[in-house]
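The structure tokens that follow cover one protein chain in two forms, given apart as structure 1 and structure 2.
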Structure 1
């Protein structure tokens, strides 16, 4: 790749979190019995007229604002003609030359450090198609129209991405923004977030783009990354072999089992879709005042909250980013601070324990690790009443018990004590037991002191502060630890 540069643009389809479809009142719940969520509009029956879903428009505007886009006051819907069995009308209602949003950007973090701004070309609204279910070895495919008509936005990036890793980072940041403002659940396994990748290469330094291939319907971030890497390697190999003319504009599918792409069809251009304004739908007018009302009702965006966490709570960037991966995590963290927990301890316990418990139990944070219990636990650690190592070891059992932390640790005789004579005797016992470790420490291997601290803590049942144990060890051994 030292001789060639990849040029990548992504088209992301995101289902909007509405109960009903884009142009009809039919429901669009995931996982229902096939063809149970259809009506005369979904089926394209003669005389059935579409009506725009107002909630879908509002969610689309929220998405545009979260991605720094410009919302047009006037846009329109167009018919984009397909001849597939999962669109009974024979066309898809979309937006062609007058989308509701233009511009926008997403800032990603680069692997080598620093950031990069990826520009957006546009975002437009449309309806989803149905789903074909192919029979293994059969002569037919089945059609499920439950998804047909589900509200979508398509987010089209400029060709600013230069590697599969950048594409992955872009999708992570995009998903964070969309989930944060409640636009979509972004569940790729349920089809509510899907990605098409346009990939081409060109010699380094060349301004003109190469011939691009589009890889369709990638349903995981890792699949996007793997498919792009494969396509780049394939195109580079053809160029190096002097067979660059074999790179033709086409649409491909990714086979995750064989880790390869295969041509599905030659790529259509806009003219092939025969767009024209939908005569059944009036122009879409979104007044500027309405856009501002939606903006004012939106939460603090994740990028802004991430920066605030760094400045206000002195958190490192990685910690701040992890805490703002989803709004419930950020809210949980700040609720702990409001309960009096030190910021860094609140951050660590949220990231390491609360999220683990929630993932293990497949429950929300506040259910898996109730805030009052977590706050009391953190304060016990902060006030040196319970050793951190003990609190970590007992965390799962504590939350499963439903007890208050102080009562729980008292019952287990794990509340730390401030008895200097008992501490000195305990450390002396540990030193006597671990003669080899003591010899290592006195010969200069100070890292071995961790072993003695651990032995002392075990002997005490976790009832002494590890820092006090370490200080007593240094005193008795006559070394600086």
Structure 2
């Protein structure tokens, strides 16, 4: 592979989170009975006229801004013609030569460290098609028009990606942005995010692009990664064997079970779609002032919040990234800080416990780990009233109990005490019990002290602060720990 490089561009379709369709008031909920969300416009009945969903435009602009795109003041809708039963009217309404957004970028993190900017070519609005279910062995296909007309944006990247891993990172970052600003739920399983990949290879140093293949039916980020890997391997093998002419421009389908692709069709050229401006739809004008109004109503973007978390709370990059994976996580973390929790502890407890509880229970963070309880728990740890290990061990049970942390730990007799005499007695007991460890420490193996701290903590039922225990140990043994 080292003599070759891959050139990859992605086309991502994203369903906008509206109640109704792009050009009509039929609902577009996922998972309803087939053909139950259909109206005259969906069916393309004579005389039915499309009218743009204003909320879809609003969400599309939000998406554009979250991806650093430039919103065009003037754009229009075009008809894209093809014969296929997934759209009854014989064409899809899309945007051809005047998309509502041009440019934009997504910054990805590279595996070896560092970042790379992937440029976007454009984003346009369009309507989704219906769903066809092919009966095995039968002579019929079933048509379900519920999805036909659902609002979509298509995000087209420049061919800036150079590996399957970069494509994966791009999708993760894209999804983070779109979910963050409430444009879409981005559920790949439900089809609200779909991805096609254009893949070609070329010898390193060659400026000209190779022949590209488009891969469809990529139903997870891992499938995108695997399909691109597969396609690159195949094209490189043909090039090495002197059979590169066998790579022809075509569309392939990914088979996730067999982990292979099959050719679906050779590329129809663009003119075959016979695009022309849809006379039913007046032009769309989005004045700069409206764009700015939408921008100012958007939340702080994840990339900016991630950088702020690093600088304001001195968090590591990985921590800041995890805490800004989704906006509810970032909000949760900052709510803990607002409640007086130290940043480092708030970050750790959010990442290690709150997210785990939420995932285990399939519930929102604030339900699985209510903020007042988490804040009180963190403050008990921060103020040395409950040992960290004890708090961690009891965390799930504490939240399941619904009790207030102080009451919970008091009832369990786990509140740390400041009783010097009791501490001294306890440490003496540990020393007496662990003669061998004491010998090790005395002979200079100071790392063995951890064992003694552990034994003491266990004897105390977690009631003493580990640092106090350590200090007392050092005192009684006459060594510096």
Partner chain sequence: MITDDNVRHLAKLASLTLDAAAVSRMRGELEAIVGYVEQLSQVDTTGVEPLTNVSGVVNVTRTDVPGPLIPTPTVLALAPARNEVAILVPKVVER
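We call the rigid core the largest set of C-alpha positions that still match within 1.5 Å between the two forms. From a predicted model like this one, the values you see are computed outputs, not experimental measurements. Numbering follows the first chain given and starts at 1.
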item: Either 1 or 2, the form predicted together with its partner chain; value: 2
item: Hinge residue among 58, 223, 410, 135, where one rigid part swings against the other between structure 1 and structure 2; value: 410
item: Estimated from C-alpha overlays, the smaller rigid part's rotation between structure 1 and structure 2 in whole degrees; value: 8
item: Value in Å for the CA shift of residue 473 between structure 1 and structure 2, taken after the core is superposed; value: 3.4
item: Core superposition result - C-alpha of residue 441, shift between structure 1 and structure 2, Å; value: 4.5
